[in-house]
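Before any questions on how it binds or moves, here is one chain, the form predicted alone, in structure tokens.
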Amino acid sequence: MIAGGPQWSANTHQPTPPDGAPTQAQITTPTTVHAVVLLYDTDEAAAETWSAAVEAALALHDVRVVHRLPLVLDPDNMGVSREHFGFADGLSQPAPFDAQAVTLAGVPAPADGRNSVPLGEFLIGHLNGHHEKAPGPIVPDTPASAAAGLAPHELAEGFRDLGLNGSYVVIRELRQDVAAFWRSMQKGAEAIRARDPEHSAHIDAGWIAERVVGRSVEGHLLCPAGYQPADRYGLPDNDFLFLDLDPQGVGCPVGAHVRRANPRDSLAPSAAMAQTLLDAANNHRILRRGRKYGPKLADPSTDDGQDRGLLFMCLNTDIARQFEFVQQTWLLNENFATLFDETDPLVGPAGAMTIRDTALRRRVDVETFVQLVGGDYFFLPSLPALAYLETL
């Protein structure tokens, strides 16, 4: 479980309770410093006790916690956790490499595989995908900054590197209306069956939902033959390329969430350009960590009035080129990959979605029922940086 006390700004945290009654936004002054504290423990009661102790300690320094969100990670016996819609989550992650800074069993970790991404995309001060060292904040070279262990900055004479081995964290609190989502999937399936009863008896709410996500509920990628086989560990295979496996999006739709969030080589106009487009896509990867909040819905078709959702967190050293690019250029791009007037069917606004089904092209209206209710950007300091900040 993660417990914490983030201070959301007034313009980013305006929650609405499940019954729709309006609430007053959290108001903070322009001089307020916003911070988030993530507390990890294997026991819920211990996490709550720790959180209360931290909140009491902060109060002594006139730091007020304005929002607490108990979170949970509940992997199954295969180590896979599911978000509230019921789909396996956190399956596709980049594999950072840096021969000098990253080791596996004491051996330098070079680029290996299609998901390899330079460490500098996630940690400041290391080479990124543009063969540059990701820049970060600096502080004057003083006895305090030296004693904290901050390294002298390589380029800025007289300064020490506050950002080295730190990162930037994007946090988004996403509320999920599970019952409404599944009712929407059922409505879409019924509309398809009504239009094409002869060829659509197999289409139900689960069929639509899997194509919205791009994977089965167990996490296996959709492909023309059905589902991509599991890897050698029995887990969903993540080492694949779309151009080889499903170039036309007959299995995993072109606009499905997993294809938009990480298009791999699918945007390449030809096989000759596949590696170039894969490299370009990898230059926008994020290191994602999601945690659920709220209880599991017992009956996905019936709302119980409880608040539930996902706290999205990701690490990146260039928020504009990574997180914001993924969000704006891929997820919310209405003309993504030959599509027209469509956005991400899972996290975008309500609208149409194209599903290529063998010789047919089906279009279904999808309402996503994922609502952004809070979030902010944060600097994640290294241990030496934390030691320095403690002296201020």
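Each residue number is its position in the shown sequence, starting from 1. On a predicted model such as this, the values are computed, not experimentally measured, just so you know.
Keep in mind that the form predicted in complex with protoporphyrin IX containing FE (HEM) is missing from the display, and what follows is about it.
When contacts are judged by a 4.5 Å heavy atom cut-off, Q176 counts as touching protoporphyrin IX containing FE (HEM) in the predicted complex. Protoporphyrin IX containing FE (HEM) is not drawn, but in the predicted complex it has no heavy atom within 4.5 Å of L243. In the predicted complex, protoporphyrin IX containing FE (HEM) sits within 4.5 Å of a heavy atom of F323. Among heavy atoms of V370, some come within 4.5 Å of protoporphyrin IX containing FE (HEM) in the predicted complex. Figure note: of the listed segments 295-303, 88-96, 188-196, 158-166, the one touching protoporphyrin IX containing FE (HEM) in the predicted complex, with heavy atoms no more than 4.5 Å away, is 88-96. The partner is absent here, but in the predicted complex a heavy atom of H257, alone among H153, R291, H257, R183, sits within 4.5 Å of protoporphyrin IX containing FE (HEM). If you take 278-297 and check each residue for a heavy atom within 4.5 Å of protoporphyrin IX containing FE (HEM) in the predicted complex, you get R285, I286, R288, in sequence order.
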